[in-house]
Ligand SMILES: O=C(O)CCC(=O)C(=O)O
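In structure tokens, the next block holds one chain alone, the form predicted alone.
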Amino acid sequence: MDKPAAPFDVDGHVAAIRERGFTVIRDFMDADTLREARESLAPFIGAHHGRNSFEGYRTERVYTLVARGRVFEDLTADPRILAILDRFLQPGYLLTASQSIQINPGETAQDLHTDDGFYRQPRPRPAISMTVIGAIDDFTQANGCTEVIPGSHLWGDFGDPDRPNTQDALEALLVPMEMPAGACFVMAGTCLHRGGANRTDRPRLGFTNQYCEPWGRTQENFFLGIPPERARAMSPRLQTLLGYDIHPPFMGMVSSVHPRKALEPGWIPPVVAQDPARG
């Protein structure tokens, strides 16, 4: 008989994020999930190399990951992740970005950044987005693991006298997020971090899903990125994460109707259905 799984400590993970800006789920993916993730990604690796230093000239990314295989649908809507996000984001929160990231040998470290910095509200403030980074390969300091500054999610804007403001001072505070394949960490979008440099002779593969408040504009436009017939086959929870829902009172409606109607077979947009020229 299988040994019962240990109960998931949502409160403990939430407390860790509130205190230091992130938490680690060490047993997030089992061996079968890792195998399926690698197999699902294999056909796409090599199609998109970074176009700038932030993407990484020696980094390969697969965007719209949520639609690249059932395993990524399941990881995106994993109940453990959603239980944590429920504590930080308003109901109806959205998936804002979904991608794999393979950091190849010779890649340099990213610039320090936050994942919700493009929302221009002044800091300190609650996170407007939350980030999940999962290790498909082992994450080590040598192969480019994510580096995080604990507690930086509570800092004010750059220039605030109560926070470090020089590059050297910030880099001295970085902590490498070393973790085995199958682990992930959940991080507040206000937490300063960067992808590390890969000084080994082997690539390091991981993925990230980011989620934002239901009123925020998403980084990826999933309405255009995922064909409706594919979104139609996804779970209702995942459809909500992709934006096929209403944020009260009526944000996200489609010509006054619920956006999930747009996934029904044969649906015709009202601007077409009501066009007098159709006869």
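Numbering starts at 1 and runs along the sequence shown. Just so you know, these numbers come straight off a predicted model, no measurement behind them.
Although not depicted, the form predicted in complex with the ligand is the subject of the following passage.
Across the proposed site, R18, L89 and G189 without exception lack any heavy atom within 4.5 Å of the ligand in the model of the complex. Although the partner is absent here, Q110 lies within 4.5 Å of the ligand in the model of the complex, judged by heavy atoms. Of the heavy atoms in I101, some are within 4.5 Å of the ligand in the model of the complex. Shown alone here, R61 lies within 4.5 Å of the ligand in the model of the complex, counting heavy atoms only. The closest non-hydrogen atom of F250 lies beyond 4.5 Å of the ligand in the model of the complex.
In plain terms, the part of the chain that comes close to the ligand in the model of the complex, with a heavy atom within 4.5 Å, is 189 to 197 out of 189 to 197, 78 to 86, 162 to 170, 121 to 129. Along 114 to 129, a single residue, D115, places a heavy atom within 4.5 Å of the ligand in the model of the complex.
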